[in-house]
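Given next, in structure tokens, is a single chain: the form predicted on its own.
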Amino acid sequence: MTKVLVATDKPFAPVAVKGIRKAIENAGFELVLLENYTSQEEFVAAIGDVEAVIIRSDKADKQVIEAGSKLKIIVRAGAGYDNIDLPAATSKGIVAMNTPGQNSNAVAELALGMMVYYARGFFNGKSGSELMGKKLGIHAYGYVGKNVARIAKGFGMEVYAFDPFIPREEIAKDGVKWLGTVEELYGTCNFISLHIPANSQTKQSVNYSLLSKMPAPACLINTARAEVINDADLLKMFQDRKDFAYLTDVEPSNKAEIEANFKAKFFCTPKKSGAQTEEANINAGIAAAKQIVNFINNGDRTFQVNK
């Protein structure tokens, strides 16, 4: 019998686990749960006799992959997949997948929620400002970016987007203003919402040169990955631009220094929260389970990321 492991140090919501179990067991497979584990060694020990694994932000590193002697597929329940060692998986013929779009609304709502929180002075009781009429730039117009645009337009924001991989016409049909360069995006918008993946082209790419182009007052929102930000340049922006604010769902390496000196312009969620909704749990978890079933039974590789 095919065994499917769900390895989550941050467990899915119970209702999501129920849906995952139903999808797996209806296919005649066995579900194994590893929840709230506290060391990578526990993950390594649990993966030895399973054919498939579902993870969230858990690290499917080389050690885990090499321990999976029967492993055929890893599915990351979410969009980002930099927590999977793709070269290690590929070298062993293991398929790696993500579940794009399943938690995009949850992440988008968090981005707009943080913008409201900041615009109202972190609810400090003093007069704040409104989002209506403000210029919002969306850096990468994928699933999350599209949802950010939809919600922001509801607030009456003027929405712009840059994405070299999305046709101008597709962005324009959503009522979003297309911009041809990332420099133009940052030079135009007071708010920038980041949705780029962390890869060799994007890591450290959001730097002082780019951020300093933002008109005052400037606010950067990051619900993507910490690695895309140059943290030293981020600190320099705080030092040089009293109007600059940073709202993030991923902790910068110099968080303590920023928090100590620029608390009024900085907010970081205590724990990564973008996909932490019951609905996103359900959507991504069940999608992951169905993708495993379709791959094992039908060879479906639609969402494979290590082609």
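Small disclaimer: the values here were computed from a predicted structure and weren't measured. Throughout, we count residues from 1 along the sequence that is shown.
Note that the form predicted in complex with a small molecule isn't included here; everything after this is about it.
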Segment assignment from 40-48, 56-64, 260-268, 239-247: heavy atom within 4.5 Å of the small molecule in the predicted complex: 56-64
Contact label in the predicted complex: residue 148 to the small molecule, heavy atom within 4.5 Å: no
is_contact(residue 139, the small molecule) in the predicted complex, heavy atom dist at most 4.5 Å: no
Non-hydrogen atom contact residue 18 with the small molecule in the predicted complex at 4.5 angstroms: no
4.5 Å heavy atom contact, residue 79 and the small molecule in the predicted complex: yes
